[in-house]
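Read the single chain below, which is given as structure tokens and is the form predicted alone.
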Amino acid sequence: MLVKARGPVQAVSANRLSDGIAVWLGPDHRWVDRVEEAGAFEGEAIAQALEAAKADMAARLVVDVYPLDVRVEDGRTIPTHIRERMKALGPSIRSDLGKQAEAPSAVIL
């Protein structure tokens, strides 16, 4: 983890162990494929979300669990750090690959 979460609103990211893709913990503590659908946790809910994510890591569902700062805009969860936005989209040198190619209208920048 290179980016440290410090903000009052955070999401939880990981990589799904079965296919390696980036995933985010949803508001119901289930993993979602798109950062826009990630849970935006505040206060004690951040620790609870991390605890749920780490349980999934112990169960070998995901790896590299960490919190990230986010903001919520129009009901969508948006990472505040550029590194996390890039992770959510896919390779920056090939816009035809990754999640950005799957749903080009879901621009989160």
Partner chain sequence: MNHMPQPSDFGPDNAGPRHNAPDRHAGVYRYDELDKEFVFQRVEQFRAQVERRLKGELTEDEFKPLRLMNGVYLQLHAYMLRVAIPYGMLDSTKMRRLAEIGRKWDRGYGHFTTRQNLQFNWPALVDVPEMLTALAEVDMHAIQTSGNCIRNVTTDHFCGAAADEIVDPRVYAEILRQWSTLHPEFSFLPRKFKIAISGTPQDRAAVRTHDIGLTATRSEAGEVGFTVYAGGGQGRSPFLAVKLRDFVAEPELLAYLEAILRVYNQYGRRDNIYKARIKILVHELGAEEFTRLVEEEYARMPRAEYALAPEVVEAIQTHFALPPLTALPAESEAFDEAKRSDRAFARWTKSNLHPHRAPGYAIATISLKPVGGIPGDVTSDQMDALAELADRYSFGELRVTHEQNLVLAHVRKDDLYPLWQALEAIGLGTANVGLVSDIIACPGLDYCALANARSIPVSQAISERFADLDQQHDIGELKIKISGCINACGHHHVGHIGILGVDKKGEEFYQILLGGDAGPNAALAEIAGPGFDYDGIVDAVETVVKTYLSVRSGPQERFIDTLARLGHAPFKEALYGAA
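These figures come from a predicted structure and were not determined experimentally. Numbering follows the first chain given and starts at 1.
A second form of this protein, the form predicted together with its partner chain, is not displayed here; the remarks below concern that form.
K.L.:
Would residue 9 show up as a contact with its partner chain in the predicted complex if we use heavy atoms at 4.5 Å?
P.N.:
Residue 9: no contact with its partner chain in the predicted complex.
K.L.:
Any of the heavy atoms of residue 81 lying within 4.5 Å of its partner chain in the predicted complex?
P.N.:
Yes, contact at 4.5 Å.
K.L.:
Do residue 45 and its partner chain share at least one heavy atom pair within 4.5 Å in the predicted complex?
P.N.:
No, residue 45 stays farther than 4.5 Å from its partner chain in the predicted complex.
K.L.:
Counting only non-hydrogen atoms and a 4.5 angstroms cut-off, does residue 64 reach its partner chain in the predicted complex?
P.N.:
Although its partner chain is absent here, residue 64 would touch it in the predicted complex, with heavy atoms inside 4.5 Å.
K.L.:
So which bits of 12 to 26 sit within 4.5 Å of its partner chain in the predicted complex, heavy atoms only?
P.N.:
Those in contact are 15, 16, 17, 18, 19, 20, 21, 22.
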